[in-house]
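Presented as structure tokens, the chain that follows is alone, the form predicted alone.
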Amino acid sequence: MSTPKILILGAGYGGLITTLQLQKRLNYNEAEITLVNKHNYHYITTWLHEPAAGTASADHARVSLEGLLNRDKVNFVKGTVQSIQSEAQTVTLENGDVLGYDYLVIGLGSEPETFGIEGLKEHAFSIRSINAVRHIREHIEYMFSKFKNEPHRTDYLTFVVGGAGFTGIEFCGELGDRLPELCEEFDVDPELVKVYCIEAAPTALPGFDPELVTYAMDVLERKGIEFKIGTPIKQCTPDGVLLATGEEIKSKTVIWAAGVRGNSLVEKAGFEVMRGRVKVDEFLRVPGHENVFVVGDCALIFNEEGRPYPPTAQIAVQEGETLGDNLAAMIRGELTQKFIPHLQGTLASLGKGEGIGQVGSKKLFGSTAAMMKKASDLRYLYKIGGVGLALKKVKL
């Protein structure tokens, strides 16, 4: 009997944890495990707002796969997935290579959801990868340097953040910390710098406790962030944004942080999707495909009230753990377990030493929430790379 082939697409939270769980559970001769990823590193998505604003280096959010994978058990292929052929049980890469599988794990991550807003794809930045956040940081610094030569161009110092959800709020917190340094470095009057956080929903941080939302907005407003809540962006142009109210904000820096959808490759593979995400069964399988599984941003899971769980890092990690165990069990002919999310709380950073959070019924504010977030980050780093990685990467 041939050795079963497990092919894992993407080294995000779900794909990486699935791989590491299989690496831990299986002996080297029990399965042929292959991980495909565009880069030779895993990046910590929940930290990307820091290098985007320039309060941390891009390398800080990057973890080399070399130090995480046991090459005796896992084949690593650096490549970009072009297409998935579920009938043939093959995956084609952009370089033309074709990889076969007996079991497929799709963890290809997300793409920005533009909600059909004209010009967003062409003219807005997005906090979505190491290279993208490096570009944002360099662009912001370039705007300050350009302003010194064209002091009438206040649009160079006007920054628009589309979305007051997790990513938008966390980025505003870091940007609020960074701006005084930039003003000093480039000798710019802080009064000339404007940051607008624009949200179509009737509240910032939808789903959060109102008391926590008020605290977060107060912290960010003290850092100079101006909110426009219940105000959809109608159009994005090379010169800024046009709001549904008719107001136009002139800006050369629009950063879109208002939602994601599943990777378009999943829909192109012929699987039924909702906004690019597959409604998986209780074992994380694609309906009608017993050997195809989806984790992370591409997986759609509903709670008992019929509402979808948000595609968060903590859920992706739990999916990876369950799926890794289940794949090992399937190969050994053992029983598999249903995936049941266990929400351990929600934490959001508001910049240095500030945050908000909810753990059970307990609300956390300020430095307490910030410390809890650091503890959560430490737990994840320890999970994937042990004490060494945790000590190397955590920001104190």
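All residue numbers refer to positions in the sequence shown, first residue = 1. Only a predicted model underlies this, so the values are computations on that prediction, with no experimental measurement involved.
This protein has a second form, the form predicted in complex with a small molecule, left out of what is shown; the following refers to that one.
Novice: Give a yes or no for Lys38: in the predicted complex, does one of its heavy atoms lie within 4.5 Å of a heavy atom belonging to the small molecule?
Specialist: Yes - in the predicted complex, heavy atoms of Lys38 and the small molecule come within 4.5 Å of each other.
Novice: Even though the small molecule is not shown here, does Gly109 get within 4.5 Å of it in the predicted complex, heavy atoms only?
Specialist: Output for Gly109 is yes: heavy atoms within 4.5 Å of the small molecule.
Novice: Indicate whether Asn291 is a 4.5 Å heavy atom neighbour of the small molecule in the predicted complex.
Specialist: No.
Novice: May I ask you to state whether Val241 is within 4.5 Å of the small molecule in the predicted complex, using heavy atom distances?
Specialist: So Val241 does not count as contacting the small molecule.
Novice: Where does the small molecule sit in the predicted complex: which of 323 to 331, 362 to 370, 26 to 34, 44 to 52, heavy atoms within 4.5 Å?
Specialist: Looking at the partner contacts, the answer comes out as 44 to 52.
Novice: Here the chain is shown alone; which of Gly224, Gly119, Gly276, Gly79 has a heavy atom within 4.5 Å of the small molecule in the predicted complex?
Specialist: That would be Gly79.
Novice: To verify the annotation, which of these, Ala313, Val219, Val193, Ala269, has a non-hydrogen atom within 4.5 Å of the small molecule in the predicted complex?
Specialist: Looking at the other structure, the residue within range turns out to be Ala313.
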